[in-house]
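Below you'll find only one chain, the form predicted on its own, shown as structure tokens.
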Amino acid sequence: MASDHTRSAILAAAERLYADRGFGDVTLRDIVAEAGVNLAAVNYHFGSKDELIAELFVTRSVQTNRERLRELKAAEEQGGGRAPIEVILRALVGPTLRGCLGPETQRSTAARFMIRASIESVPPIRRIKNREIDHLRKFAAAMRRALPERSDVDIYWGLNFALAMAHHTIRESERLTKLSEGKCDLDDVEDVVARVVSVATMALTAGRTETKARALARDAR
């Protein structure tokens, strides 16, 4: 039990420090001082700073991914095995946006940690993102069922753009608020979700018109 308490204290201290100061400015010595443990305890439980960051990110990501898949499963069950594309996209981006935006959520340590993880590119988080994609394949399959006329390439690009819009909105929420002089209300999270879903849906369901840029790129090959 004492060992479990020490491990939990290290994780909580690390998450607070990373959320407040970022990944580059926090050392293992900062973490042990915050947690009230010794450096040997960090090495025993995690082995390295990268492994500690990875465990924190995995813990938070698992929660988000479970919520995504729960919403997707409910949507497809309601639709008899096939959900509308906008409902699928809402399940994809909604949990991420709700987990990081909003006046109450943004103050939580977990939300601030995940915002840091979205802003700062660090190797352990990049490795996890590139490795843990099975849940995204389930979304791609659902999108294929919703839009059977679309190619796999279109589906993957559409999924990628939806995720990119969500993460960019999280990263740049303060700048957007200043740019719009408060007209874009980032505290209205459901409106943010609806806007991301709307744009992603339009991109996936619009007629296939080849732009001049794509034609030029094709001709250049």
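Residue positions are given as counts along the sequence shown, with the first one as 1. Computed from a predicted model, the values in this text were never measured in an experiment.
Below, we turn to the form predicted together with a further copy of the same chain, even though it does not appear here.
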property	result
Residue 180: touches a further copy of the same chain in the model of the complex, heavy atom cutoff 4.5 angstroms	yes
In the model of the complex, residue 11 touching a further copy of the same chain (heavy atom, 4.5 Å)	no
is_contact(residue 153, a further copy of the same chain) in the model of the complex, heavy atom dist at most 4.5 Å	yes
Heavy atom of residue 78 within 4.5 Å of a further copy of the same chain in the model of the complex	no
Stretch from 39 to 47, 55 to 63, 26 to 34, 159 to 167 whose residues place a heavy atom within 4.5 Å of a further copy of the same chain in the model of the complex	159 to 167
Contacting member of 74, 147, 119, 110, with respect to a further copy of the same chain in the model of the complex [4.5 Å, heavy atom]	119
Output flag, 136, 175 and 203 jointly within 4.5 Å of a further copy of the same chain in the model of the complex, heavy atom basis	yes
